[in-house]
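In the form predicted alone, a lone chain appears below as structure tokens.
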């Protein structure tokens, strides 16, 4: 049986920290979420974001109700470790760092003993060109002044979890001198003092005080509309930039443009002004989308749809 995905709740918001879980949610369950974390060594932090993945409340409710995920009170899952446990964890981490440094030094010594092997074809070509220029300058009697070679910057690691160790992690244990790039595990799941308590239903999570959504008619309507569109095979994203609750995609948003902007109407007798319909129609047409009015009936648990497009006449 597949283990449920852990939705780590903090401040009534659900997050996913595992990359494999994010892949499963997107590829198997049509759940995209929004990446909200920063990526080390990346300049455009407002464009390229990383873990964690924050889910919309409707996405979290759908996953828990379908048994795909469980809610975890993440702040209370971190307990205070005992001194002996903390000491053993530090020793294990330092041993892992030493092994990585040893492998790096071994690789460096191999490359130093055979420099041609470590050089790329482009580097070999440039070296040959430099040697030819020096030979021509020497034959012409012109002194060749070699250009100053500034030390090349250390390559930025592609893996966001990589970091540079420049000082001793533990003052009581001597570490090799110099700077090295090592991989440090960032997940809390394997820590001995991390003991998450799973809440398999919304009722249990509400009683525990970590989750309240949905608690109003409008929130129930949003959950009902989201589920109905999800069951029809659509992907949903936030639609506030286009004047609605959701953007509705026929497939993965990385491959398709959205076809609809969906607005949720919480009840059949809810007021809807004519100017709102006109605004939705013109805005949707201006962005090459149809505006979808989604009416929720809380008694029958049924969603009715009406699409609005600007006809271009009058």
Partner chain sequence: MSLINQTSHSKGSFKSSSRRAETARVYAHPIPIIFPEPTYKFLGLSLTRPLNPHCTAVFDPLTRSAWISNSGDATLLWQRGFFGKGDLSRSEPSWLARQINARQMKGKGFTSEEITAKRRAERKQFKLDRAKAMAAAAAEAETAFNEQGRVIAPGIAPDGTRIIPSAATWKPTSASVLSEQSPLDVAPGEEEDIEPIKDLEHLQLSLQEAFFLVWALDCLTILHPETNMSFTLAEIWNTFQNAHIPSSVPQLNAPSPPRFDNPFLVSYIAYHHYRSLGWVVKSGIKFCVDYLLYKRGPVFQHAEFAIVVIPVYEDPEDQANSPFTLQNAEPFTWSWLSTINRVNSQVQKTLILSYITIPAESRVSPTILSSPACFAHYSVREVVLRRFIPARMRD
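Residue numbers count along the first chain shown, from 1. The structure presented is a predicted model; accordingly, all values stated were derived computationally and were not measured.
Keep in mind that the form predicted in complex with the partner chain is missing from the display, and what follows is about it.
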item: The single option of 217, 240, 103, 112 touching the partner chain in the predicted complex, heavy atom within 4.5 Å; value: 240
item: Touches the partner chain in the predicted complex: residue 266 (any heavy atom, 4.5 Å); value: no
item: Distance check, residue 270 to the partner chain in the predicted complex, heavy atom within 4.5 Å; value: no
item: Distance check, residue 283 to the partner chain in the predicted complex, heavy atom within 4.5 Å; value: yes
item: Contacts with the partner chain in the predicted complex, stretch 247-281 (heavy atom within 4.5 Å); value: 273, 275, 276, 278, 279
